[in-house]
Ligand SMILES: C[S@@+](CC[C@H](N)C(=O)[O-])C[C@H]1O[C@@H](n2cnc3c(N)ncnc32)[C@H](O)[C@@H]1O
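Read the single chain below, which is given as structure tokens and is the form predicted on its own.
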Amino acid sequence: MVANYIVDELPRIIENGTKKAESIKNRHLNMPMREREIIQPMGLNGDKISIGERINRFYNADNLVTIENLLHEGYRGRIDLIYIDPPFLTKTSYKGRSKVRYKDTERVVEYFAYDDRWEDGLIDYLKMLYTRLYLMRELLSDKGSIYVHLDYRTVHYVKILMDQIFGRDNFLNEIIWSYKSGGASRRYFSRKHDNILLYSKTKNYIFNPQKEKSYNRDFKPYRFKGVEEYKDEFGWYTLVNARDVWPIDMVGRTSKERVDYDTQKPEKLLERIILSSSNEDSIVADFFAGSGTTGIVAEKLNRRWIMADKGALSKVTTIKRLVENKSLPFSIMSYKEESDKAGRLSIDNVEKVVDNKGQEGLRIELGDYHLNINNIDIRGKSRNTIEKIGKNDSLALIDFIGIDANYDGGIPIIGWQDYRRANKIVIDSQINIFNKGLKGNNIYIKYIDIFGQENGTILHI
């Protein structure tokens, strides 16, 4: 009965979703977004940056609103590659985790991050996805492709929706990403793969074949004429065009990539996708950005990128990863104003100073961070720990701080950053900035706490 109910609902999902998408596509922009900040990671050469379409973008917003804005901003038919990793209908609430210092100890606090529960189950899930997929097709260029990352729960139903939107003839592959992970069952075979549906918009799509190792039988050399062979620690192999089954390791507990984001995908997976279906002048987009892996890899491969995610944990995780990787400048886009409910950072002192080389700079003394814990979904021991830290060592709750030392009243350009990372879980209370000459009397300070709450303040020197 359940299966029949879903099959009966599919035509209505398609009909209503098409009407909704067409309405969004043709109406006046409902929720315009604007550029809140430009982040210029430290370590880049030069002080001057070009503020224009060459700057990559992270939209901290619902992806449907993001897509609508992009359509109105002239991105229709301009994106060569879309990769999305939507929720998997796991019926789970996911938690964020942060390591914090409490007195002389380190503790892990957990809090609500994002939800993968749907009121009407699969039906609501498919309704959500259909409208977005329909509009993503509008953003794709004629040489563009889309990869939709799913698993056994929804892939069969989503393929029907994709056939409707992109056409069955434009289906290219169902890619199997196989991996090893903990956990097994005595009632069925262990589920150790995800499914990635690949569709093109037209027949004239970008595709750059990638090579993989094909080991010889018994790992011995064939010595066929004209066939180049190689040898590694396992034995002899040739290089062939990659198959649609990709054995790539997950981001494990000991991986250097790991950022403690539950659904984080490995860089090697995105590297293969981006190299296969885009060129160096391409725009790559990800509208369920999660931990930001798509942008990180696109940056390394000299692609432009657009990412979107409404989650606070996604935003702060992605910003920190991009800064850590010294990416090109990127914009933070949002339609939200800063909330009065977000925490407030007090500043004890700001002064101009001169170092022993005669270089003028700034010294900023941070005060306390006043967190509104009632605005956070955090309970039990974690809540008690945070309340104690808020009273005794509140700066330990700051996750990221960025400064525009020459704020001119326009869009802040965050050229100085400090942030929590593996070997540094508390931001310094004294900030010294000597890497840029001071050109004005105002500075802008942006800060984000470990829960993703953000705020900013303008100070006159």
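Just so we're clear, the structure is a prediction, and the values are computed from it rather than from any experiment. In this text, residue numbers run from 1 along the sequence as written.
The following text describes the form predicted in complex with the named molecule, which does not appear among the structures shown.
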| property | result |
| --- | --- |
| Contact flag, S278 vs the named molecule in the predicted bound form, heavy atom cut 4.5 Å | no |
| Close approach of K310 to the named molecule in the predicted bound form, 4.5 Å, heavy atom | yes |
| Contact test in the predicted bound form: S145 vs the named molecule, heavy atoms, 4.5 Å | no |
| L395, heavy atom within 4.5 angstroms of the named molecule in the predicted bound form | no |
| Interface stretch in the predicted bound form with the named molecule - options 366-374, 171-179, 81-89, 198-206, non-hydrogen atom within 4.5 Å | 81-89 |
| Within 4.5 Å of the named molecule in the predicted bound form, all of T18, Y134 and K159 (non-hydrogen atom) | no |
| In the predicted bound form, the residue from F166, Y130, F288, W246 that sits within 4.5 Å of the named molecule by heavy atoms | F288 |
| In the predicted bound form, the residue from A61, M42, I427, I433 that sits within 4.5 Å of the named molecule by heavy atoms | A61 |
| Residues in 258-272 with any heavy atom within 4.5 Å of the named molecule in the predicted bound form | Y261, T263, Q264, K265 |
